[in-house]
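Next up: a single chain in structure tokens, the form predicted on its own.
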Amino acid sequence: MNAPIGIFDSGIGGLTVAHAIAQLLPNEQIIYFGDTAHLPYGDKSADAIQHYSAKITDFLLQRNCKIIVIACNTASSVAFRMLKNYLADKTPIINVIEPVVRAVVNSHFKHVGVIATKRTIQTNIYPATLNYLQPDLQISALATHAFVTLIEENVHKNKKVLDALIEHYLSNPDFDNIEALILGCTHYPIIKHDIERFFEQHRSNAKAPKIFDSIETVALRVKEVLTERNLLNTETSNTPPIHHFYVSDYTQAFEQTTETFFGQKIRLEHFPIWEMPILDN
């Protein structure tokens, strides 16, 4: 089916998921919305996040998206059920939490760490979902919200600042014996290698934890759902599909990161989402 895949996030982080989907499904067109006017979602109320997510979903539906991907852990934790109820069986919707949780549970660890935004941690979505599937799993969760600001402002490229912040958070004693770490925010894969390096340097006599993120697992889940519903675009072309990237407020960092991920000049299209009527659910 030659219709686009709709993806949204509060800003840059969801580009990690969008890029993975584009790599796995090269025939598929992507329409991406970064709600840069309202980022970060991590310190917003649940009502506000649901309001933004509803408007963005309506925007993507108006552009005939055949599937919606919530490429944001915070929105996934507080808005997924609301959006799923609204869409019913008309349009499939995927969040970034469930595929990662299942990958972790299938690995049979005993102690897992989770880092995410303040709002995601407050919802307790990761511990609750993990323990539902694996009751004996020990979970250490920590809000690491400053990572999002660092990445959105492109400051993460200053390695001294980034390394200091990583040490500040991950030297937490609760993480001393974790066997795996979930990056519970789609921004965090951008600094995944830096996090891995931290553990390698600080666990000279012990194995570093396995890092889980939503990139490949969510992309695979999108392919699985599209295949099940006969929605995959099977048409081949000599030219790649033209992706569209919308933002609710222009930021230079977003444009630079988008071009880095997709290896081509990207034209951001400004769309003031607050002027849209909210969907009726």
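Counting begins at 1, following the sequence as shown. All figures in this text were calculated on a predicted structure; none of them were measured in a lab.
Separately, the form predicted together with a small molecule exists; it is not shown, and the next lines address it.
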*Could you check which residue among I195, L83, I125, V148 gets a heavy atom within 4.5 Å of the small molecule in the predicted complex?*
V148
*Is C185 close to the small molecule in the predicted complex, meaning a heavy atom pair under 4.5 Å apart or at it?*
yes
_With a cut-off of 4.5 Å between heavy atoms, is I68 one of the residues that contacts the small molecule in the predicted complex?_
no
*Does any heavy atom of L39 come within 4.5 Å of a heavy atom of the small molecule in the predicted complex?*
yes
*Out of 134 to 142, 166 to 174, 117 to 125, 87 to 95, where are the residues with a heavy atom within 4.5 Å of the small molecule in the predicted complex?*
117 to 125
